[in-house]
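Below you'll find only one chain, the form predicted alone, shown as structure tokens.
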Amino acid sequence: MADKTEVPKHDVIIVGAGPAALSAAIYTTREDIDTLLFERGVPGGLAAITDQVDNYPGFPDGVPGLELANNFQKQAERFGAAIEFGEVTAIHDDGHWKRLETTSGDYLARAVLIATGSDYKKVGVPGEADYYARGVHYCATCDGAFYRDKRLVVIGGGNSAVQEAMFLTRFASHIDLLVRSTIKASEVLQDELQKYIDSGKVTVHLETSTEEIVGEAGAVTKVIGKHDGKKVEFPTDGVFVFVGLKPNSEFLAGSGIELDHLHLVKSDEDLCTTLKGVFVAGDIRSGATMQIASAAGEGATAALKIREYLEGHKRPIQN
């Protein structure tokens, strides 16, 4: 580890640059709190790779996800937020400072905000990546309305898959639900799903694996699956994958920051983690609603709590 006098120091380091992180940075930098964000991918998080966002307040006609993400970034940078492209690999408690190990070396911060979000778990079949956001989706509330009166395939058998399949019946003419083994959703959800099955809106295909997503002319046309060792095909206009979320929390191993059973970060009512001076906001937080609007709100709340924390732990930064 480098001598602390040589390590870059900041008031706040935000891990991630999605809606929660950028919203927090808007608030901290407006109050002249020195703020650095670390982002390993694309600023804007999952919002940036969402084709169209129709449920973010203030955009009555919807807004392309990338445009919304860019606006978040521009606003944060206008107030002085700096984004460092790299990955935080560990966080350590060094007393007054929190030390972050990164791919760019060590950094010190008086306070840290974890806003790394989650990634959608992928099925990992041919065609899935090729047609991402062009027929393959991971968010029904974000993209379901594009498939009004269309056929859809939903992949998954847990609570989220069943809930989202029922939600998608508001738009789709018919949904084929492909379940690799058996439905593992709660009995309450299964009872509700049965109503959609009885009405003919949803057909459930148990013990059916997904083998390939096929398209032509840049659009999805069918899903190839396998049942009882035989190939089966499902004509479709779009595919929604709900096989779970993978929280971006691996770097917290050994940090003393407590995670829940899903590997999401636990926090108190002030969005503070079990490590003093380290806060959390957005989709990575245990109990989060996984919506862009709520992530932005949590980012603003976290920034205000961080300001209170810094005011109570005043110490000038020495460079």
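The first residue of the sequence shown is number 1, and the count goes up from there. Since we're looking at a predicted model, the values are computed, not measured.
In what follows, reference is made to the form predicted together with a further copy of the same chain, a form of this protein that is not presented.
Participant: Taking 57, 262 and 314 as a possible spot, do all three reach a further copy of the same chain in the predicted complex with a heavy atom inside 4.5 Å?
Facilitator: Judged in the predicted complex, 57, 262 and 314 all sit within 4.5 Å of a further copy of the same chain.
Participant: Which one of these stretches, 174-182, 234-242, 217-225, 91-99, sits within 4.5 Å of a further copy of the same chain in the predicted complex when only heavy atoms are counted?
Facilitator: This holds for exactly one stretch, 234-242.
Participant: According to a 4.5 angstroms non-hydrogen atom cut-off, is residue 68 in contact with a further copy of the same chain in the predicted complex?
Facilitator: Flag for residue 68 set to yes.
Participant: Please determine whether residue 230 contacts a further copy of the same chain in the predicted complex, using a 4.5 Å cut-off between heavy atoms.
Facilitator: No.
Participant: Can you tell me whether residue 82 touches a further copy of the same chain? I mean in the predicted complex, with a 4.5 angstroms heavy atom cut-off.
Facilitator: Residue-level check for residue 82: no, no contact with a further copy of the same chain.
Participant: Is residue 291 part of the interface with a further copy of the same chain in the predicted complex - any heavy atom within 4.5 Å?
Facilitator: Judged by the heavy-atom cut-off of 4.5 Å, residue 291 is in contact with a further copy of the same chain in the predicted complex.
Participant: What is the one choice in 133, 197, 206, 145 with a heavy atom within 4.5 Å of a further copy of the same chain in the predicted complex?
Facilitator: Of the candidates 133, 197, 206, 145, 145 is the one lying within 4.5 Å of a further copy of the same chain in the predicted complex.
Participant: What are the residues of 111-125, in order along the chain, with a heavy atom within 4.5 Å of a further copy of the same chain in the predicted complex?
Facilitator: Contacts from 111-125: just 120.
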